[in-house]
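In structure tokens, the next block holds one chain alone, the form predicted alone.
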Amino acid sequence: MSAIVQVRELSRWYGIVMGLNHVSFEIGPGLVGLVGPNGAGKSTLIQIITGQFRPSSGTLTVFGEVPWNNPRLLRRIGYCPERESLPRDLGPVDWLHGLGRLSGLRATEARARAERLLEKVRLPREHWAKRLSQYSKGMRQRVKLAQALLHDPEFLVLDEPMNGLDPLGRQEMAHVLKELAAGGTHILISSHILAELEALCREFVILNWGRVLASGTRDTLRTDVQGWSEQLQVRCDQPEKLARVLFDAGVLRGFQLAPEGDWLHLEVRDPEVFYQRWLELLLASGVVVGEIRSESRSLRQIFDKVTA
């Protein structure tokens, strides 16, 4: 499937403050993570995607259409904002039922859909009779997600949906999002909890200071990041000799001999070049290798590298 969101030379200014600065990228189908520190431009991007802001320059399209002043397109998009404005004196079923009626659903259909969505987001039924003012932050997050799903959108935009959830709640929310994605819903999720984004998403967009620093899968990001190095641990019979051969060949940034004697810690200068030459250099060294361990190329490592 082609890209869900296409961005070309997009900028957005707030007076003299620039929220986004000539960014170009695409957001593909499935689950995509939007990553960046506070002030990176994530909220500005989300507000343009959901039709709340118009770009100052450049273009952004969703499903090939411009979101601004486009009700037909916006009916295909569900939005769960970071901020909340839920009514304090209503219960979740009455709230969703009312929104369903405003959307044109019949009374019985609106109530049935409200209950079905509360079950989908795993809000325990024993809490349905409570008013929203009695809900915890995590419970309100579930109601917000149900609200975003009420009109059965094709594309779901979630801004920090994990905020306020305990570890079990985050696990359940992740399960819900995976179910939605498996059912064909495309999801863009913004979060500062990078480990959870990494477990959820297949692609990422990394923003900072209004610019896109990198985008793509984790492996693509690792390849594209300038100056990326990789750490390896090698167990062998002659670690000092292997370190000298590799260092003289110019494929290492550095190395460290482990106290246990037969382990060698390597920092690889260019992983692609290293793996192309690894077998040749190993055979030339005459060293016998028993085990190789590669440290995880985590999203956190990539994020720290590109935002340094």
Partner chain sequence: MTSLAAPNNAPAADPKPGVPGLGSSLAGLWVLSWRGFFAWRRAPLWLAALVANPLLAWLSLPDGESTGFLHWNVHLYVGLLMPLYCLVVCGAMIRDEVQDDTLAFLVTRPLTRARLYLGKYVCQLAWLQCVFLVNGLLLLGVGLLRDIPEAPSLASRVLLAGILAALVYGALGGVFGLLTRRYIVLGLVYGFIVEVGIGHIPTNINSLSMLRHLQDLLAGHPAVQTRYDWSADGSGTGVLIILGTTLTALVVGAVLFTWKEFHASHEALK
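Everything numeric here is computed off the predicted structure, so don't read it as measured data. Numbering follows the first chain given and starts at 1.
Not pictured, yet referred to below: the form predicted together with the partner chain.
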* Asked: Within 4.5 Å of the partner chain in the predicted bound form, do Gly51, Asp89 and His97 each have at least one heavy atom?
  -> yes
- Query: Does at least one non-hydrogen atom of Phe255 fall within 4.5 angstroms of the partner chain in the predicted bound form?
  - Reply: no
Going by a heavy atom distance of 4.5 Å, is Arg202 a contact of the partner chain in the predicted bound form?
no
| said: Residue-level question: is Gly216 within 4.5 Å of the partner chain in the predicted bound form, judged on heavy atoms? | reply: no
Worksheet entry | His151: touches the partner chain in the predicted bound form, heavy atom cutoff 4.5 angstroms | yes
Restricting to 51 to 72, the residues within 4.5 Å of the partner chain in the predicted bound form through any heavy atom are Gly51, Gln52, Phe53, Arg54, Phe63, Gly64, Trp68, Asn69, Pro71, Arg72
